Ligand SMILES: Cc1ncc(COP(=O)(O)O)c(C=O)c1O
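The chain below stands alone, shown as structure tokens; this is the form predicted alone.
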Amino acid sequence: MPSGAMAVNPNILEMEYAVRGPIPQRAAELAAGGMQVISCHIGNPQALGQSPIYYYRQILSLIEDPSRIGRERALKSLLKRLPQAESGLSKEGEFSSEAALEMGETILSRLGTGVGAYTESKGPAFIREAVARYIDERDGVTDSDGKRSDPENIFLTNGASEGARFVIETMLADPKDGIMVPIPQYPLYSATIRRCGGVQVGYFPDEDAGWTLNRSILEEALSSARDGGVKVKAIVVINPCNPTGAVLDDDDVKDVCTFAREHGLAIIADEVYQDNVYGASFVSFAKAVGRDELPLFSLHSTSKGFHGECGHRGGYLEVRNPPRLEVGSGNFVDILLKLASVNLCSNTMGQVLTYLMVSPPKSDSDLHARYIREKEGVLRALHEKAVMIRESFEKMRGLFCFGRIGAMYLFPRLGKLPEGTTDFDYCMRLLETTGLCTVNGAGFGQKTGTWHLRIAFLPPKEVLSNVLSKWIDFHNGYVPGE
């Protein structure tokens, strides 16, 4: 071995993460050279112009600078005694709302040590209690109907990704341990399974039927893995799905639960896009599991939905019916707590943002109307942009997009490509010709012999309108004719 050379973990060398891979890296080079690049390779809403939700940012700013609360109260009091002309201050837009001041005071009081200190490893109890209430209210759970969420089994995490990594890292105890993941899938799962040295067991939703699931698909994947000596421990379900946008209905969710129960599997439910259903109904796995003893790990995040707060890295992991350990007297939650403790805690501002996500303004609050208007506006605009892109697909030769619109992505199938090329070649040429940065389907997994790409429908409409016409021209000139 050459002097100074070092052997590294081969599992990390084998990891792939196309969302930050060669195509986005090339996009950065082109942007540095002066080319206008439209970054549709990643679900990063505020990087593409989505405005932050006023309710979140107003309160976060007070939490970061608590002195503002007393200062604004003093100035408001002064304004009540002095004519506006004499004070030189305008009431409109100069001050935080009374509801925001009260919420800021409440959060700071309950944190006790501000946002610059470590919290409990799971996160502050009052935030975990708020998450539990949110889950129960979302699922319509009462003391007589369903099973209430337990704050002690909730972990506040640096985005949903950290919670997924905690669970997978704990489960994979042997190189023959496997986890079922949908193909295509968000590459967090394939990368984490690879890093931990386990086995990815892919199952393939039916694309032509709108990326739907059925029991035969799941049974076939499980049987094949077990025949190969793999000990399958869990099934990952992404609902709504990244990258396909598929939204599971009540029957699909129940089928997965039945399948997992019959085969002794835990469910890892990635539900970060639960607000992004655009007219459909979201059915949570927590509601479907109910009082059953089926192990369930549910993930949610402040990065997606209408929130779009990717940089604050807020999220939670909820555990239901944690498996007991083969060795010792503890259960899965005890090990997760150990992992969380090694990290000390998730970032405090992300924890506060998670609290705000699950604690929207009350209907009698002066923040409520604006919050609802902004929420509905973001979701409506996302849907309109998705429809706009899908309509453009109809003008592209041999391109097909199946299923309903969900999450933040479309995943069209490229029916034809020039001989000897792949969807990677297509996406790279698309980028270099039009400035549109997407991710090729191989980065998420796909059936052999098919080609896809994923596009995030996040840019402003005027930007999309301009680039879509260029994309249509590029596509029809690139793919072979009849």
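Quantities reported herein were computed from a predicted structural model and do not represent experimental measurements. Numbers for residues come from their place in the sequence shown, where the first is 1.
In what follows, reference is made to the form predicted in complex with the ligand, a form of this protein that is not presented.
Q: Please pick, from Trp211, Tyr355, Phe411, Tyr273, the one residue with any non-hydrogen atom lying within 4.5 angstroms of the ligand in the model of the complex.
A: That would be Tyr273.
Q: With the ligand left out of view, choose which of Gly123, Gly308, Gly198, Gly159 has a non-hydrogen atom within 4.5 angstroms of it in the model of the complex.
A: Looking at Gly123, Gly308, Gly198, Gly159 one by one, just Gly159 meets the 4.5 Å heavy-atom criterion.
Q: Heavy atoms within 4.5 Å of the ligand in the model of the complex: which stretch in 99-107, 224-232, 310-318, 329-337 meets that?
A: Going by heavy atoms within 4.5 Å, the stretch is 310-318.
Q: Please check if Leu188 has a heavy atom lying within 4.5 Å of any heavy atom of the ligand in the model of the complex.
A: Yes - in the model of the complex, heavy atoms of Leu188 and the ligand come within 4.5 Å of each other.
Q: Is the gap between Lys304 and the ligand in the model of the complex 4.5 Å or less for some heavy atom pair?
A: Contact with the ligand, yes.
Q: Answer for Ile405 alone: is it within 4.5 Å of the ligand in the model of the complex, judged on heavy atom distances?
A: Residue-level check for Ile405: no, no contact with the ligand.
Q: Indicate whether the ligand has at least one heavy atom within 4.5 Å of a heavy atom of Ile238 in the model of the complex.
A: Yes, Ile238 lies within 4.5 Å of the ligand in the model of the complex.
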